[in-house]
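Below sits a lone chain in structure tokens, taken as the form predicted alone.
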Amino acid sequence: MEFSQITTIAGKEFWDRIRNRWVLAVALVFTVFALSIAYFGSAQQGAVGFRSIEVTIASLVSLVIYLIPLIALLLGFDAIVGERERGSLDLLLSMPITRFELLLGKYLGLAGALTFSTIAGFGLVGIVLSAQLDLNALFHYFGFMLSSVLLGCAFLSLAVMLSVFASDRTRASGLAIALWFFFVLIFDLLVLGVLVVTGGQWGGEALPYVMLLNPADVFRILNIFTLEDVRTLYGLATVFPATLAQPWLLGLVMAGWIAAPLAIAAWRFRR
């Protein structure tokens, strides 16, 4: 494996997103939404202005779970199938580069663009709020940004996997939207439905482990469980055991969600 080939492909993908203003647009969206939530998130209770980092992160988590997976899936769904439809895939593979190097380079370039836009957007908000935050609050906010990056990379990995399996861009885009609906909207409803129908007699003890099968839920637990007041408000203390909610353990689960789809995509792409 030639790392120079991988970095060349990754650099091209990254700078293509910079040149078409994609990174700037996404970073601006994150900044506007985050500032609005930080200062106007409590307007319904008759309060305007920054209240606390716990309330802000809890509100941002709800936003990020919907927004970042969708952006990541739309960013990566045509990474391979798009090249195949344009006829440029055969040209790329005729060069001294392996299929794995091409796949990994494309993923790293797209992940770099998504990471840059996420950190730039939320980081700017962190700078604005830094005068009102202590070191502990800044630590929690930094953890939120890092987990947002991991969430985006996990769904980007799923998007690249879809791009390898799909036969055309139309099918790939449809599968990407279906995947977003399943993990963001349908998964939790299915789990809740099973618990309600069975009266909690089936799946109750397995619920924490079932939630690990959804990267969006892992992201939510990773952020909410570390905030005492918000954890109690969400009721996670009674559902998710503290021994399973260790940040390092949940981080490993997110890393698995990044690596597993990429490994499947690499296996399929070599065939």
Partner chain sequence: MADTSPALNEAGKAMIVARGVRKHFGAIHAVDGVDLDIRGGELFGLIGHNGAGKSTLFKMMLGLIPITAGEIRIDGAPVGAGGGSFRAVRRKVGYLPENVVLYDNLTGLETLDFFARLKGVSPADNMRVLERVGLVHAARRRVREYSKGMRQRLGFAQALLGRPRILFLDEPTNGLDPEAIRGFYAILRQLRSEGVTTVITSHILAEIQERVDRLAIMAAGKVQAVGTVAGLRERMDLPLWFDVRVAPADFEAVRAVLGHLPVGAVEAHDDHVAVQCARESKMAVIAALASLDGKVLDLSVREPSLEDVFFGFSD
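The structure presented is a predicted model; accordingly, all values stated were derived computationally and were not measured. Positions refer to the first chain, counted from 1.
Unshown form predicted together with the partner chain; subsequent notes refer to it.
J.: Can you check 125 to 133, 185 to 193, 69 to 77, 97 to 105 and let me know which stretch has heavy atoms within 4.5 Å of the partner chain in the model of the complex?
T.: It is the stretch 97 to 105.
J.: If the cut-off is 4.5 angstroms on heavy atoms, which of these, L262, V23, I9, L250, is the one near the partner chain in the model of the complex?
T.: Of L262, V23, I9, L250, the residue with a heavy atom within 4.5 Å of the partner chain in the model of the complex is I9.
J.: Though only this chain appears here, would R169 touch the partner chain in the model of the complex if you measure heavy atom gaps against 4.5 Å?
T.: Answer no; every heavy atom of R169 is more than 4.5 Å from the partner chain in the model of the complex.
J.: I'd like to know if L138 sits close to the partner chain in the model of the complex, meaning any non-hydrogen atom pair within 4.5 angstroms.
T.: Answer no; every heavy atom of L138 is more than 4.5 Å from the partner chain in the model of the complex.
J.: Decide whether L92 counts as a contact residue for the partner chain in the model of the complex under a heavy atom distance cut-off of 4.5 Å.
T.: Contact check for L92: yes, within 4.5 Å of the partner chain in the model of the complex.
J.: Answer for T198 alone: is it within 4.5 Å of the partner chain in the model of the complex, judged on heavy atom distances?
T.: T198 lies outside the contact set for the partner chain.
J.: Counting only heavy atoms, which residues in 1 to 22 are within 4.5 Å of the partner chain in the model of the complex?
T.: Counting only heavy atoms within 4.5 Å of the partner chain in the model of the complex, the contacting residues of 1 to 22 are M1, E2, Q5, T8, I9, K12, D16, R19.
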